[in-house]
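In the form predicted on its own, a lone chain appears below as structure tokens.
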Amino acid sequence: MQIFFPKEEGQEIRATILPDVAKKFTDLGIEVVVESNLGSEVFVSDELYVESGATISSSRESSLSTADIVCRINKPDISEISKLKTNSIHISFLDPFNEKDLVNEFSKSNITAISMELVPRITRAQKMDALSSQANLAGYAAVIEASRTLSKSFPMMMTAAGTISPSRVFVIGVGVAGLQAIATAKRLGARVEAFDTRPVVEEQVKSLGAKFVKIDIGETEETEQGYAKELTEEQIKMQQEGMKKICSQSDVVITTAQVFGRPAPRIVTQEMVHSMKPGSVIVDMAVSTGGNVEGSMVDEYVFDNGVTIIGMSNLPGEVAKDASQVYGANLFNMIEEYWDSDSKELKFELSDEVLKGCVITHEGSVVNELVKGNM
């Protein structure tokens, strides 16, 4: 059994795995092949991978065609799918609801495609949940980036010239990323408030020392996966009206709201942006799925009426080494879960609860019910 880790393309800094995880794969009896310079962006040399038992490949195309499993972080270029070995397994983030052509190509090429963002949020699958592990780091990075951009200190400071008041941070959306953003801002000494459409998270917010903002928008629900369900237009307007005053008092606003499989809801309007003090900062963590903030742009800093709107699409990449470490661990945990040490093979049963949620295509067909219903 051979597993190949190609180097990420474009501006991606993260590596799919680091040498210590590569060694775990080789200890299972899997032949590990990594593309040359896989870890160069996180200062990990090819030599370190070799020491872990991996083989270095200088031919990406050849390794794609011979590997039984191909693992990467981001979705592949569609032209590479036909180069994969028939009946092989491809694992990465795939964005299957928006990448129909990619899904069809996997099916046409007879590849078993696993989408990491669809790993179900159940206790047994927590160790494989890459979406959460990356979101956790993204929440941390969002606060660090906001603190770097804001021309004000986060903590209260007592100086000989007087007292400096703490920065006020407002976090919108209390999922994994939001909770980490709250925790990080509190550790930096900020005064933190948070809002979510799900009242059940109030206790979690308070446990981190932040204030939970209550805005009456009527009945709200969440999916089985724990994501907030999409609000009605009337509910969004009620939410915006309730948040406007808090935004105007905040030095930093961090938005994390995303709806599973749908464009991110537009929460912060230009009117709300203009109500904020000059010098304030907004971090739109949902910018890559449409954005929560009016005027935010992917991978750009937008300056609007004295307010800086940050739209970084790869916040986990700001802490790339740690992001690489946990993503590789998620991949290993998934493969180990189904590894048969006697036959040295993966034993996949699509009726398995985890695989039923994240396997998109198998044996020439689209098998995931959610994705199939969206095709």
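Residue numbers run from 1 along the displayed sequence. Everything numeric here is computed off the predicted structure, so don't read it as measured data.
The same protein also exists as the form predicted together with a further copy of the same chain; that form is not shown, yet it is the one meant from here on.
With a further copy of the same chain omitted here, the record of contacts in the predicted complex names 146-154 of 254-262, 241-249, 101-109, 146-154, defined by a heavy atom within 4.5 Å. 126 is the sole member of 232, 82, 126, 87 with a non-hydrogen atom within 4.5 Å of a further copy of the same chain in the predicted complex. Out of the listed residues 267, 272, 137, 91, 137 is the one that sits within 4.5 Å of a further copy of the same chain in the predicted complex by at least one heavy atom. Although the partner is absent from this view, residue 31 stays clear of a further copy of the same chain in the predicted complex, with no non-hydrogen atom inside 4.5 angstroms. When a further copy of the same chain is considered in the predicted complex, residue 338 lies well away from it, no heavy atom lying within 4.5 Å. Contact annotation for residue 330: at least one heavy atom lies within 4.5 Å of a further copy of the same chain in the predicted complex. Remark: residue 321 counts among the residues lining a further copy of the same chain in the predicted complex, judged by a heavy atom distance of 4.5 Å or less.
Residues 184, 187, 188, 189 are the ones in 182-210 with at least one heavy atom within 4.5 Å of a further copy of the same chain in the predicted complex, listed in sequence order.
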